[in-house]
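Take a look at this single chain in structure tokens; it is the form predicted on its own.
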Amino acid sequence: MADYKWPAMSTRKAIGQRVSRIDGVEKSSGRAKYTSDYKRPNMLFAAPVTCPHAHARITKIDASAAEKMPGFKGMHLLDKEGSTVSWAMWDIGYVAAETELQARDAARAVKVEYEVLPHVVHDHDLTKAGDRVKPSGEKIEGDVDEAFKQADAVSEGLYEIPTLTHCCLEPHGSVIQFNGEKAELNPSTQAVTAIQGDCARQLEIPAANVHVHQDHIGGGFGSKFQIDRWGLASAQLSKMNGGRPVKVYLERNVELTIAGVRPSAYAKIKLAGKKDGSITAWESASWASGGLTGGGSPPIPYVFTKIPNLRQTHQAVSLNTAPIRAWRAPNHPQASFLTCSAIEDLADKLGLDPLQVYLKNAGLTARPETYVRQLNKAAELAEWKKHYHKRGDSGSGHIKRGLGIGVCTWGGAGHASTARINIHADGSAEVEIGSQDLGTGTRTIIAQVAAETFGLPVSAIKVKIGDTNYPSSGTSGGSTTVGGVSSSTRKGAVDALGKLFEEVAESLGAPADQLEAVDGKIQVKGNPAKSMTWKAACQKLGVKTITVTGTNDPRQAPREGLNTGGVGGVQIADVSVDVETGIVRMNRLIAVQDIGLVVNPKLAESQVYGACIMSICGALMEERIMDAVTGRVLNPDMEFYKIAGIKDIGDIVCHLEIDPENDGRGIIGLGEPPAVGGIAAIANAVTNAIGKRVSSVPLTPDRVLNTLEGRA
């Protein structure tokens, strides 16, 4: 049986190297084509007819005026008279026209009448949500009341983290051509293989009749897996127009309203502890919402899951807002913020350094040694001993400096994946996988794995992804892509190389199992004198091509050891707060992370940087703001939905635990974990700086000043 194990760290030539993205020049030069850039021949454009009300019943739809508009080519209704609308900007239907502007004009000309119904769009005050609040979970362990009686200190607090939108810079949308039997789909998707089946089901045609192709995607973060209502409507409009391609991309105000959100989370948390910092009891009443179906329950207490005495309840709040979609580590950033805020408040009550409290309670985590190591390393990088001070004890000036801690965990085991490896007689080598690159460098990772196996430079490998003509691969969600595609590529490449060895064994006078691929040559193991170049070896194929598939089966992967799951991480934020203006500035955000075998440290660090930037956005500025009266989003644009610019970031310090111990665990995905702990760390750092807990994020100047002045 072939040996698929990863080569030893000391022998690797391509894996573990800081290789630049193989599509980097294409992207930085502007040559890379995103689906939203497509302009296909004879293409139509679609625009939505949207509802301005958060809750209403459609009583009449009149499209007669739209039908007379220039360029009008048809309308497909997704809802009919009598249907109920449950959030503002609900897309009732789509209008097609010859140009994008004509489509928008025609959509505005469609007259829809409504019976307006009562709505609820805020969840921070449960007393105003009425019967929209439903019990969603309860848990009791140990003797909570006795633990609180025996405690040396008890802390209580209310912690609030709001709903965020995905804010993809490339909005949701697609180009689709459908003639009633076959569909050509060019989506902006995180799921090239899976969206093929979704499209086929929606259009009621065989999956084999749907061809999907995508080269690049401009952000997804968990929100782009389905064909969605806009894709389905575009397909029907294409069919209505004899199979002409139809392009639809949501306008920014629609995108930020209906295309996906991360749910809110609120919790009243009470913690008990001993003088030595031991946490002895947890009590929480939490609630959340992500739209009409309520919100998921954040996994609290987070990371410190073995607190002996625990009592918690959770409630889901139904709102007339667009529904949640997965958002980079679903429910984990919220849980980290709630838990770490409460832990640092308990540390303050006990008069202890919070770092000491985290270390003392590492035994309450699933991986104590990991968190002790990471906490100490993060503290070293943050110069904790030099810069930490007791809460609020930050000098007499108006600029206050503070440090805070956040923790994370995640799975990240590889998804199901199949890779097709081709070795041609001219020496060229290809890897074909129906996966997608979300901008994380998936193409580069695949090339590095194949290059390592074949003993070739990375530039010698041609990677083909983003198309359903290639073997199926899982969705890019849950940090599962790198493990899946690396493992399938490795296994396929090893098997393909074995077939090449068989072709040249006689020429080299050695059995196939005694050959190796090193530095562009096929040679007898350990004997460079008995070798031939890679190209010469491939010429032995004559007119043949070696074609082999490799698979990653998540059920078998743990035994194979190519990829596994389960990571931890610690982040420490260093901030400065101007107590006269309330402005928070980032000095540094330190991220310490384990992720198993690191194929490309440069790309891995880039993932951490991006995740930390998202955390800074969520901690300091990002928030969806709803109007209680109209039920609409008040900031559905890039002017008032704030995200960080380069001046807002400060320094990001990334420390990846690259060592034999972690390397031996195989590849583990990195997309989610470093996006988890930053909000908690920054919120705790601000509290440390100003001496008072700002209970709600984002930590905007008004909230900081209100907290300092004791205003609710």
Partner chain sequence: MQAFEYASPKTLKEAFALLGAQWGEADVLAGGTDLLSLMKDFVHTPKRVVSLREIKTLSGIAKAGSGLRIGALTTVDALMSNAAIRSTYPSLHQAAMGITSPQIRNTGTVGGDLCQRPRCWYFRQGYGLLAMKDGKSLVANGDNRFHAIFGSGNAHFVSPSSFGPALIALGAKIKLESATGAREIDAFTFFRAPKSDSERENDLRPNEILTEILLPTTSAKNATYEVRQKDALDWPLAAASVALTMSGNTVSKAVVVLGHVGPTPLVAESAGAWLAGKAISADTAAQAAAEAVKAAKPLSGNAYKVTLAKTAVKRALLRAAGMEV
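All figures in this text were calculated on a predicted structure; none of them were measured in a lab. Numbering follows the first chain given and starts at 1.
Just so it is clear, the following notes concern the form predicted in complex with its partner chain, a form of the same protein that is not shown.
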Open item on the list: Among the candidate stretches 543 to 551, 100 to 108, 499 to 507, 278 to 286, which one is within 4.5 Å of its partner chain in the predicted bound form when only heavy atoms are counted?
Closed with: 100 to 108
Task: Non-hydrogen atom contact D627 with its partner chain in the predicted bound form at 4.5 angstroms - done: yes
Open item on the list: Residue-level question: is E380 within 4.5 Å of its partner chain in the predicted bound form, judged on heavy atoms?
Closed with: no
Open item on the list: in the predicted bound form, is there a heavy atom of its partner chain that lies within 4.5 Å of any heavy atom of R711, even though the partner is absent here?
Closed with: yes
Open item on the list: Can you tell me whether N635 touches its partner chain? I mean in the predicted bound form, with a 4.5 angstroms heavy atom cut-off.
Closed with: yes
- [ ] State the residue from E580, E181, E81, D393 whose non-hydrogen atoms include one within 4.5 Å of its partner chain in the predicted bound form.
- [x] E580
Task: Position in contact with its partner chain when the complex is considered in the predicted bound form, options D648, E26, E67, D37, heavy atoms within 4.5 Å - done: D648
TODO: Can you tell me which bits of 680 to 706 touch its partner chain in the predicted bound form, meaning any heavy atom within 4.5 Å?
DONE: L699, T700, P701, D702, R703, L705, N706
